[in-house]
Every structure is written in C-alpha cells, then in structure tokens.
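A single chain, nothing else alongside it, follows as structure tokens in the form predicted alone.
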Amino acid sequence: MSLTIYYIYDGSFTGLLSALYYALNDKEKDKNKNIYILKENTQITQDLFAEYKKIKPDEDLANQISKKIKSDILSNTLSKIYYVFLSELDGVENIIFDYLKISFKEGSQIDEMLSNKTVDKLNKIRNKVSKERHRMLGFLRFKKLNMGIYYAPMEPDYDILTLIAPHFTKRLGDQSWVIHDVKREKCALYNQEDLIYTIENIPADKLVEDKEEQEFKNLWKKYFDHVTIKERKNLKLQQQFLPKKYWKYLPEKE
C-alpha cells in the first residue's frame, strides 16, 4: 500500500510555501507517495492509515523554495502562484502543488503547455484574480472621513488587498488612507510613508464622513448623470463592464 501524507499549513502564503518545500522534497524522494496539502481547519474524512503533518510557517524554507521556483522555472511563476493562492478556492493548494511538480520537470516550457489540464486550470484561476484586481483599481471609491483620512471599502470575490494597495501608494501618495476589505475584515493603512496591513476591524464610530463629502458625492452624481446619454442607455452592457456586485460602494449607484 502506498503511503499518503497530508501537509497542513496555517493559511498564510509563507505557510503554503513551507508546506510545498516539504511536499516537493518528499515527492522527489519517493514518487509512489500520495501527497496532499491542506489549509488548517479544512473539513476532510480522516484516513486512519495516512500521516498528517502540521507545518509551521518558516521564512527560511519559504525563501529557499521561492528562489528555486524563480531560478528553475520562470521569474514570473512565483507571482502566478501567489495570485492563485489569493483566490481562496477550495483545493487550490493542490492545484499549485501539481503545477509545480510539472513545472520543475518541464522548466520554462511550462508556459507553452496550455493543453495540460493542471496548467489550464491554474492559468484560468490566475486570470480571474488578475481581472478582479484590474477592475477594483477602477471601481474603488475613497471618501473623506472627518478625521482627515480617506477611506475606501470593498468586498471583492478574491483576497486582492495586497495586489491593489501598492498601486494607491503612488496614485494617492500625498494622502493618508485606508482600504478596507469588509468581507475579510482586513485593512491596508497608508500614512504617506508606510503601507501596513492589519486584520484589526475599524469601529463604526470612526467612519464618520467629512461634512464636505456629501457635496462631492452630489457633484459626482451630477457629472455621472450629465455624461450619460439617455437614448443610448444599455443596462445589460453597463452591467457587463460594471457588474452589480461592485455597486454597493459606488456613489454614482447610490
């Protein structure tokens, strides 16, 4: 009977890379082993004959596997699997694991293996996350709070906070702001110098709008109505480019 091992990580990207380090080395030593990677607290049917190994996030191991991925495969592969990790889809760890097993064998040719099911699956997930990142750069709306900072709430399908926040350090580098992923209760804070990520929730009493904010919202709505050509209004097409799920925090849709 072939041995089955489950590597269990804490849900962080460093934890995943640490688990991948052990899983790939184990698979290299014994190709008959059945190896899977699981996120902590994933509900599974326990296998009495399997081994379950809890992996602590280890920066050194994560750096070692990151360097190997960049040197032995392609320089953009690490970024690609990071996007896929942020999808938070069930079982995505094992898609990444399968993809890396193929990639270490095929090297830089991996990008040309588009008919391979694992490569195709990983590329499709990566593209969905990238598409939402691109959309959110345009859909994110900041409003001024009475404490003088700007606040932008969002509820994306994927965990894209770390993909979009660096963009706004350049675009709004002379302002202090908060981007709040309401769905995941995590924030990116910027004070015109440093960008910090936190999982601390923001008390509702701190989210009081500045007195001038409503005036700016009204001006923006007037502008939006003014540039709309009623005779050419096409709601179906509009929703194609601006899906309803993003309307909640758009002042022009209030």
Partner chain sequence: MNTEEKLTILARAAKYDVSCSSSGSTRSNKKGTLGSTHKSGICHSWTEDGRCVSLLKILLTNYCIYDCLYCENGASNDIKRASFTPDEIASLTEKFYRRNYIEGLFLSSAIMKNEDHTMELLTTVVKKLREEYAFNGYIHMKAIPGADQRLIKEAGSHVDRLSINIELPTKRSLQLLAPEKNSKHIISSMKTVSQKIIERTKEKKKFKKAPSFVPAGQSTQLIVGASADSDHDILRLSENLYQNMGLKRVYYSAFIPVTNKHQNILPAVNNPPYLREHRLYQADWLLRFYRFTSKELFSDTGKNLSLDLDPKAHFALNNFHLFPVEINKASKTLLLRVPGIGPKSTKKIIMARKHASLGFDDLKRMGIVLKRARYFITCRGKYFGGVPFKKDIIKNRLIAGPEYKQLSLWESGIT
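Numbering follows the first chain given and starts at 1. Here the structure is a predicted model, which is why all the values come from computation and not from measurement.
Although it is not shown, the form predicted in complex with the partner chain is what the next lines describe.
Proximity of 35, 48 and 203 to the partner chain in the predicted bound form is absent: no residue of the three has a non-hydrogen atom within 4.5 angstroms.
Only one listed stretch (55 to 63, 27 to 35, 214 to 222, 181 to 189) carries heavy atoms within 4.5 Å of the partner chain in the predicted bound form, and that stretch is 214 to 222. Contact between residue 173 and the partner chain in the predicted bound form is found at the 4.5 Å heavy atom cutoff. Proximity of residue 253 to the partner chain in the predicted bound form falls within the 4.5 Å heavy atom cutoff. Proximity of residue 90 to the partner chain in the predicted bound form: non-hydrogen atoms within 4.5 Å are absent; the residue sits far from the partner. Looking at residue 144, you'd find a heavy atom of it within 4.5 angstroms of the partner chain in the predicted bound form. The single contact residue among 158, 83, 97, 168, judged by any heavy atom lying within 4.5 Å of the partner chain in the predicted bound form, is 168. In sequence order, 222, 223, 224, 226, 227, 228, 229, 231, 232, 233, 234, 235, 237, 238 are the residues of 222 to 238 having a heavy atom within 4.5 Å of the partner chain in the predicted bound form; the partner itself is omitted from this view.
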